[in-house]
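As structure tokens, one chain now follows by itself in the form predicted on its own.
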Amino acid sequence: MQPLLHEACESLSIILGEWRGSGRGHYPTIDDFEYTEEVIFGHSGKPFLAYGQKTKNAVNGDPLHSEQGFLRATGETALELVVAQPSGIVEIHQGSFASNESACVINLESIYVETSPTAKSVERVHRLLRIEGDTLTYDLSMAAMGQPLQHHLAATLERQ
């Protein structure tokens, strides 16, 4: 039996569930690419949402990227996001959100990015998520590999 959603997360309930879709990526240090994606937001009754994400190459289905984390409501419109990636990158974000029954906008800016000794260099990440009805879109910008902060990913996902 699913526990009740914690009251601190009620304003974020629109994001809960499984989302699937596709996106495009680009960055000066890599070739442009297309991907398919699955994102799951869940909860355990505690004052946070669990987040899981994985992508695959849209052409051949090979795994590309994954990350796991937690979205923490820290105030009426304040959030923190903690994300770990198997590539050796950990991100901590602060941000804000605005939501109603049919829409939500989440704006997150990294305040801390750390990498393992063998991971690629990442200095900053900005995440902007928009939910309208059963559609989730996002844009991700990053400063990495000596490049300034710039757009990297955009995707559109549908609620499953």
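Don't overthink the numbering: it's just position in the shown sequence, from 1. Treat the numbers as computed from the prediction; the structure is a model and nothing was measured.
The next section is about a form of this same protein that is not shown, the form predicted in complex with another copy of the chain.
Although the partner is absent here, residue 35 is not a contact residue: none of its heavy atoms lies within 4.5 angstroms of another copy of the chain in the model of the complex.
Proximity of residue 118 to another copy of the chain in the model of the complex: non-hydrogen atoms within 4.5 Å are present. Proximity of residue 98 to another copy of the chain in the model of the complex: non-hydrogen atoms within 4.5 Å are absent; the residue sits far from the partner. Although the partner is absent here, residue 48 lies within 4.5 Å of another copy of the chain in the model of the complex, judged by heavy atoms. With another copy of the chain omitted here, the record of contacts in the model of the complex names 66-74 of 100-108, 66-74, 23-31, 131-139, defined by a heavy atom within 4.5 Å.
Contacts with another copy of the chain in the model of the complex, taken as any heavy atom within 4.5 Å, map within 89-115 to 89, 90, 91, 92, 94, 111, 112, 114, 115.
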